[in-house]
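The form predicted alone is given below as one chain in structure tokens.
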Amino acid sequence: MGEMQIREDARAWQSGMAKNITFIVTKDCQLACKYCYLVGKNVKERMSWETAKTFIDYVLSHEDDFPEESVIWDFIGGEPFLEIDLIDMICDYLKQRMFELNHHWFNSYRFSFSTNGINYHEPKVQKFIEKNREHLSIGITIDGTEKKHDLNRVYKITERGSYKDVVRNIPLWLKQFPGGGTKVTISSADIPYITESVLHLYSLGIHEVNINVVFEDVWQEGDDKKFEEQLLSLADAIIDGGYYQDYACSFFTEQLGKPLDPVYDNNNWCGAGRMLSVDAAGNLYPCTRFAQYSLREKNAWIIGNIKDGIDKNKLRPFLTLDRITQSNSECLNCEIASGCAWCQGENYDAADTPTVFQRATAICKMHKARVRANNYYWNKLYRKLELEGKREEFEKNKKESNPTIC
């Protein structure tokens, strides 16, 4: 599989056409990341083979209920690779049964992982990767410099930083996934390290840095100004250093910060309700964020179980979710609304009542700061390209590659 195809995987394989089905194989993790939304991690809730097999049999025997032409079988925790033996059995069984059933997903599937990277090098993990390489997408989470990474991503018992244990596996990962992108999370405490962290990740050979602020209400007075200052600094570094030619950072996206048409741009941001998740107890969820270990304030939103299947009545609220049904008037009339994200699970968890129709707006000021910096980035970049006589070539290449992030 070539680098271009791997880059496509990193963005979104079969975007809009693939069913996303998630196995919560464990709620355990080596780390206790300070910004983690998984508030109920534990060592006890580990998926059994019997639960996994029953779930697979249910999904594959109800082909008419899952008409999407492709599927992403996603594995999360905690840390999914802690359960590599189970995952290996699951993937073997999926391949076997899809073939035996002549299922429409056979040869149109991916196994997807987001891992902390700590045990990426272990023989069992590497054997699994070698066996499934042609249908595999793996992202390793590394937050930037050692200082920024270790500020939040610490071991759960000793609180020792995990940077050194992760960064040692980056060369192996990039050798196997040359276009691999990483996911960086920004919280209040680590805002001052954004610029140096993105540049550090570039120096490690990571060309695609997907980065976002946490959706939870953790932001302090003045964080938006600090955030904007860091993004302006990062914009200068990327443009002056020429990184924009070969590297990507999702903070700078040309389509960001425009008004949205209430008719043509009235979509829900995420796929909650169109996705499906299962946990160790065999309960089914519209998204992993509705499982109990992901919720601070609310009860889990269970839509069925592996024995009885999906209760479609419990999915009904998700079928009517769009920007209008959950946004307040300020959000609907916002002149820079495009690119302002939300998490359906956080909407539910932060709402005054048990509803998915109340949009959480904790990132409002952070989005506005990002838009201001984003405008600066593109104005500066296009001025530079025009002075160098390269704008036409840049826009032509951008149109041909049609990247989702710039």
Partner chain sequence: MLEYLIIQLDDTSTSYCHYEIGAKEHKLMPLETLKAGIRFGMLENLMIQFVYPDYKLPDDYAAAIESIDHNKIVSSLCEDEALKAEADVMIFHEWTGLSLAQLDEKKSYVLRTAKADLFDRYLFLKDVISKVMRLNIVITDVETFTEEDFEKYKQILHILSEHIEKAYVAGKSPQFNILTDRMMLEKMNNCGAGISNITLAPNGKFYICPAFYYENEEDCVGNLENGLDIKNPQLYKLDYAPICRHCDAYQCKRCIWLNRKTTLEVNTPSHEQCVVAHLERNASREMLENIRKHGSFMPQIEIKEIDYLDPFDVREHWDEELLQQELIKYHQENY
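Numbering follows the first chain given and starts at 1. The structure presented is a predicted model; accordingly, all values stated were derived computationally and were not measured.
The following text describes the form predicted together with its partner chain, which does not appear among the structures shown.
Residue contact with its partner chain in the predicted complex: residue 338 places no heavy atom within 4.5 Å of it. Its partner chain in the predicted complex comes within 4.5 Å of a heavy atom belonging to residue 262. At a distance threshold of 4.5 angstroms between non-hydrogen atoms, residue 196 is out of contact with its partner chain in the predicted complex. Interface residue remark: residue 314 is counted as part of the site for its partner chain in the predicted complex, having a heavy atom within 4.5 Å. Put simply, of 357, 35, 66, 378 only one has a heavy atom within 4.5 Å of its partner chain in the predicted complex, and it is 357. 322 is the sole member of 322, 254, 150, 236 with a non-hydrogen atom lying within 4.5 angstroms of its partner chain in the predicted complex.
Contact annotation: its partner chain lies within 4.5 Å of heavy atoms from the stretch 322-330 in the predicted complex, the single such stretch among 118-126, 166-174, 185-193, 322-330.
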